[in-house]
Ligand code: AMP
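Okay, here we've got a single chain as structure tokens, the form predicted alone, with questions on binding and movement later.
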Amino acid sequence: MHKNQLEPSMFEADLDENVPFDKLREECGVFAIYGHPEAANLTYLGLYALQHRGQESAGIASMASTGKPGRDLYNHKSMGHVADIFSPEVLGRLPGDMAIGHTRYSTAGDTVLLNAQPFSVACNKGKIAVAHNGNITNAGELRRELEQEGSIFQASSDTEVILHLVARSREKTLAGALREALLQLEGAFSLVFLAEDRIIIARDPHGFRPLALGQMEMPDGAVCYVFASETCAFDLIDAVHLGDVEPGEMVIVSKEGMTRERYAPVRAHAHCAFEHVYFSRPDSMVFGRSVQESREMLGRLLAQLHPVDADIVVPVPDSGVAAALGYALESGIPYNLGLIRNHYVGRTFIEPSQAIRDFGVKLKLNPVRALLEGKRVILVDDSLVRGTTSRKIVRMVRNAGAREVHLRISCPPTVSPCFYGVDTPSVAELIAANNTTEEIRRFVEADSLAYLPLSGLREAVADHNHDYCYACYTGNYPTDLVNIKELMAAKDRRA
């Protein structure tokens, strides 16, 4: 067994019907811009494009890059969706030509306003704001050390630890302090910093989470630089995608231009494969590859390896759409939208006092009976985690008149938690960690069930150089999880 591998047999499966969700979720998206007079407005648009990466809270911090020392840093953040938080009036109170933004789903820290980002502080390095995508695996250990030395924390997010490390550094410059801080961090981080005259961007040495670099040309010929978790944010503001911030790289943009430097030794890459399976928008380029292309290939390989004699291919929207299209193209079986998603379901809703079976799933999805009735259906989804939602969807399709329901999953079985920014459940709640494929098939009530094997996932994302992390499918973690018991306990508490 690999030194960082978990043992699934230590846990018992929890197949509780009332578990509220069955998807892996990712905590946030980040955006940064330097050199544009409408920096906050463009950051708002960038966050709007990244809304799918987090719906709990959002924030923007802005500042002018020139002017007197000690100039003001403006920061506005709130719970909720980007479009609801940033009205024209609010954006009007965020002046300056540089800004950073964040949209959050929590994987570390509570769901409260105190944990909304960007975090900002005034310290001996000046006024600083930071936004973070990822998860610092040694944050608990660092926080205890900082508290013993007198640091006071306001939030429970791991991101606040980074600010404390920078503030306490004896390095004279912010860049030097940040280098020192970054070398103490373990795990996944794509960071955007706003300082008094510059923005600083950094990515962890393994490159777990994506971070793209782009530019816009101003009317006067000047260049404006932008950074985002996904390139779909560039499309909305007409920015040109130049490439990615490299793993272990720090980028500084100021009035002197852009400088790029490596702050850490070269390490093996560990790009999150689930970005291509589920997280990222299909119109994005992530880790240098089209997400749409990867997902269609997932479906094509699934059709090659696990064919079915059926009448129709139906995606579980929206995350299963591209893979289902690939399955249909490869198999020659007609593709159709047999499930319709309600895109206007908010975070809260009024559930009727009279019990309605599977109400939560029905609120989000509704079958098209005319397409499904009497058909042998291939139902394609991106993942199967707890199994509870999949069972409800299979029931829904069958109740709509389907003669057979064959479930196809466009990734391998999820058998291990992620500690790098994906909100996977504990091992006890991962159905594939505790059950065979046949046992899972019986639980979800499908006529057949098949997953794409790990070799198929590698092929679909074109991982020719072993650049991806597959820990959630293998239990083999690319970093030394020195505080793994603490991380496991935290996931159990959240569960």
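Numbering starts at 1 and follows the sequence shown. It should be emphasised that the depicted structure is a prediction, and the values quoted were computed from it without experimental measurement.
Another form exists, predicted together with adenosine monophosphate (AMP); not displayed. Remarks below refer to it.
Residues with any non-hydrogen atom within 4.5 angstroms of adenosine monophosphate (AMP) in the model of the complex fall in just one of 183-191, 374-382, 232-240, 130-138: 374-382. Contact with adenosine monophosphate (AMP) in the model of the complex, defined as a heavy atom within 4.5 Å, holds for exactly one of L163, L298, V422, I199, namely V422. Distance criterion of 4.5 Å from any heavy atom to adenosine monophosphate (AMP) in the model of the complex singles out Y278 from the list F287, Y74, Y225, Y278.
At least one heavy atom of T389 is located within 4.5 Å of adenosine monophosphate (AMP) in the model of the complex. Interface residue remark: F86 is not counted as part of the site for adenosine monophosphate (AMP) in the model of the complex, having no heavy atom within 4.5 Å. Using a 4.5 angstroms threshold between heavy atoms, Q292 stays clear of adenosine monophosphate (AMP) in the model of the complex.
In the model of the complex, adenosine monophosphate (AMP) stays beyond 4.5 Å of every heavy atom belonging to F119.
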